[in-house]
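Let's start with one chain on its own, the form predicted alone, as structure tokens.
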Amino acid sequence: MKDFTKEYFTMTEEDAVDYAKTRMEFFQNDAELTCKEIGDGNLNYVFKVVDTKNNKSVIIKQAGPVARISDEFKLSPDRNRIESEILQLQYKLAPGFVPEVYQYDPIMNCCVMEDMSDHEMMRTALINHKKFPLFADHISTFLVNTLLLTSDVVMDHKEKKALVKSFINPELCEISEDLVYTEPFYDCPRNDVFPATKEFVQEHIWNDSNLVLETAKLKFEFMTNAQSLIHGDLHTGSVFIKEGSTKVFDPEFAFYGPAGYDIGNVVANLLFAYSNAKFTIADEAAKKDYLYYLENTIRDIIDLFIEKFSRTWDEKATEPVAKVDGFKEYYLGTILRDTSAVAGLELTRRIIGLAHVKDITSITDPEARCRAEKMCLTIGKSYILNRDTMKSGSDFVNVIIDAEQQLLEEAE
């Protein structure tokens, strides 16, 4: 048995079982443990340890010094501490919407948390065209509670600045700065463009100097706007879901940044599900029904966020100038603007950049995939360039409708 108390090493499944026996107090003495490495993400190792005798299980998540997606990304294992502390804070701010963290180990750079195997990955569920009528209500509550309640509007300013210091996350932020804001907007060697889409990308993205300028502005806003403690990577692969329950996890990209970053990521990833449904569901009635559901979900997330944000602001704001007439509306407007921009960035970078999404890559018909990618890019570009006009859920949905019509006319 290896020593877990001296220095870090990357664990195997056998090591994870030994770790559970010797470094945790979760399982009973008579536990019969098995383990499977279930991580399918880009960065970490995730072990599910099960006591088959007493029907108990736990997740051990370990952060390595390099990303699993590529050795080019050298990462600080401190991201595991950040994730553990963020989840514990979010557990208090938005109870019921994140998994419980049981312990954090700074030597092995791992955290132990609640097993959510009774839920399923939301991205997978949406690819299978499942519906979750409560998701908009759940995620909008999570977003308001975690974003507004960690801002200067509500927090004591010195306490907030201490959190900014504690959750500074330069290595993970650099990944976002490169993969989200920079590389998709020029012919970067690290990009991975579907061949059938490349001509469209060249013409409509890389050759559009105005778009490139706007993304440059957005990059510097991302780097300098310490507004709220954001999740930083809130896509549908970071949500476990089942009927009546939504759990947000994997906040290792968390830091103090623009609040709209999280909301925009949610919107964009619902649009990947929308694109998948549009180009994979054969039955026209079923397709129309599912697209209608996703449109309404996007609309409701924005409108419920606005409603709950306004109410919580009135109840919780402590900053004196937050009560100045018109300031709340101004502040909320900047968040919606950033939401639109980030939705556009995410839609673009997941098509052009290094890290794709299964919603799109699982479309097996090359022509259908190309059309889906063009739709995502067209919507994304509009969200970026027209971000100042996004004021309601209907505004976000209307961009989808307009993009579909535009692409239809170009194809005729």
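Residue positions are given as counts along the sequence shown, with the first one as 1. None of these values were measured; they are calculated from a predicted model.
Heads up, the form predicted in complex with another copy of the chain isn't pictured, but that's what we're talking about next.
State yes only if every one of L213, T224 and Q227 has a non-hydrogen atom within 4.5 Å of another copy of the chain in the model of the complex; otherwise state no. Spot residues vs another copy of the chain: full contact, yes.
Which single stretch, out of 213-221, 97-105, 113-121, 229-237, brings residue heavy atoms within 4.5 Å of another copy of the chain in the model of the complex? Of the options given, it is 213-221.
With another copy of the chain left out of view, which of K308, K160, K247, K278 would have a heavy atom within 4.5 Å of it in the model of the complex? Answer to the contact question: K160.
Which residue, D187, E319, D192, D303, has a heavy atom that falls within 4.5 Å of another copy of the chain in the model of the complex? Answer to the contact question: E319.
With heavy atoms only and a cut-off of 4.5 Å, decide whether Y331 touches another copy of the chain in the model of the complex. Within the cut-off, so yes.
Check P170 for me: does it contact another copy of the chain in the model of the complex (non-hydrogen atoms, 4.5 angstroms)? Output for P170 is yes: heavy atoms within 4.5 Å of another copy of the chain.
With heavy atoms only and a cut-off of 4.5 Å, decide whether D314 touches another copy of the chain in the model of the complex. D314: no contact with another copy of the chain in the model of the complex.
Counting only non-hydrogen atoms and a 4.5 angstroms cut-off, does K165 reach another copy of the chain in the model of the complex? Contact with another copy of the chain, yes.
Given a 4.5 Å distance limit between heavy atoms, list every residue of 322-350 close to another copy of the chain in the model of the complex, or none if there are none. Contacting residues: V324, D325, G326, F327, Y330, Y331.
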